[in-house]
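Here we start with a single chain on its own, the form predicted alone, put down as structure tokens.
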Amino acid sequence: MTYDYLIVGSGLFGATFAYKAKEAGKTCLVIDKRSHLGGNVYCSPYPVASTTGQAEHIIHVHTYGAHIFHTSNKEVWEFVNSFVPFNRYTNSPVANYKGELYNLPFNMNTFAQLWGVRTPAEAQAKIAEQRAEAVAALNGREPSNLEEQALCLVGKDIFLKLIKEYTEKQWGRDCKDLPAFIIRRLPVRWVFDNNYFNDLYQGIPIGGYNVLIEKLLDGIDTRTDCDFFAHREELTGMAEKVVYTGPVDEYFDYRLGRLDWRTVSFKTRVEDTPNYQGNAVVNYTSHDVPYTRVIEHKHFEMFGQSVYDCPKTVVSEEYSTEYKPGMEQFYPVNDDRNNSLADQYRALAGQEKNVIFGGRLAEYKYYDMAPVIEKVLSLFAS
């Protein structure tokens, strides 16, 4: 059979593209080298018997890390909700620095916890004082690295407790060795508001992201455990056009060199308690612990008493490390070398006939989920 599109990768870009193409009367084959569909939004279901005698609970474990959907684009929000209703989850992470707990993002709760201040004016004065010290230390020059940039934005107390060691764990480099542009701005709120996102809409699909992917791909031919590069000639011969969402350097057989990535690994376990940490996301911001954060998955979908109706919980420790071939690529390393190399690969991609490159791997760009969907919708609107 010949298809209009061969779609390499079943994450949000590939699945949304397939849905819109089918809607336009096109035929698609979606392939994925993993044993499941959904890319990094895939959730592993973990059933737990109920304490109330009701039907068992299902904890949807975010297999590849926490995915919280948020957007201010009403069209995108209505699009995803047309497949599955989203719940009211609000992302309000907590930072743990050597046992001290702080609310994120930086807001009046954080400042009260740090300094005992009670008013925005007191907090502004404290940060202004520390910023002035950092700016004076530069003797008129611009910040040359992430540490100097962060100190000039929020001062030493926030930097030392909530940024420095956490960032170093994330990137595997000293803050003095990271470029300043990574952290050109840090959101600071002079209100008591722990909602991490400013977007109008946010939540988690009820029943997990697998429901969204299944609905997007309903009626579309799919193959899992299918490696595009192992059967490239055969697969490309089955379609008029290719939609490629894998790593852009791999598509071109690394002819210009390999792009650098950071990757993430997870240690997931079941805890015999209904409520392990009281929050979905707790960041560990010191080097005292090797992981960057702990995710307690049930809090994405269970609220209030329902947390205790489910007698067990699933937690994942998240570890950031340097990417090596064979690992999963998570975050692009946007330094000068990689940005230049990515531009060269993008130029090659622009010369490919009948191939559409899309998504974070193919574009070497960090994407939240909503902008990925927005981009696909724009392709079909033009």
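Remember, predicted model here, so these are calculated numbers, not experimental data. For every residue, the number given is its place in the sequence shown, counted from 1.
A second form of this protein, the form predicted in complex with uridine-5'-diphosphate (UDP), is not displayed here; the remarks below concern that form.
- Across the proposed site, 104, 163 and 186 without exception bring a heavy atom within 4.5 Å of uridine-5'-diphosphate (UDP) in the predicted bound form.
- The stretch from 177 to 185, 122 to 130, 307 to 315, 75 to 83 that comes within 4.5 Å of uridine-5'-diphosphate (UDP) in the predicted bound form, counting heavy atoms only, is 177 to 185.
- When uridine-5'-diphosphate (UDP) is considered in the predicted bound form, residue 92 lies well away from it, no heavy atom lying within 4.5 Å.
- Although the partner is absent here, residue 110 is not a contact residue: none of its heavy atoms lies within 4.5 angstroms of uridine-5'-diphosphate (UDP) in the predicted bound form.
- At the 4.5 Å threshold, heavy atoms of residue 202 stay clear of uridine-5'-diphosphate (UDP) in the predicted bound form, well away from it.
- Of the heavy atoms in residue 196, some are within 4.5 Å of uridine-5'-diphosphate (UDP) in the predicted bound form.
- Of the listed positions (279, 210, 286, 170), a single one reaches within 4.5 angstroms of uridine-5'-diphosphate (UDP) by any non-hydrogen atom in the predicted bound form, namely 170.
- Although uridine-5'-diphosphate (UDP) is not shown here, in the predicted bound form the stretch 335 to 371 places heavy atoms of just one residue, 366, within 4.5 Å of it.
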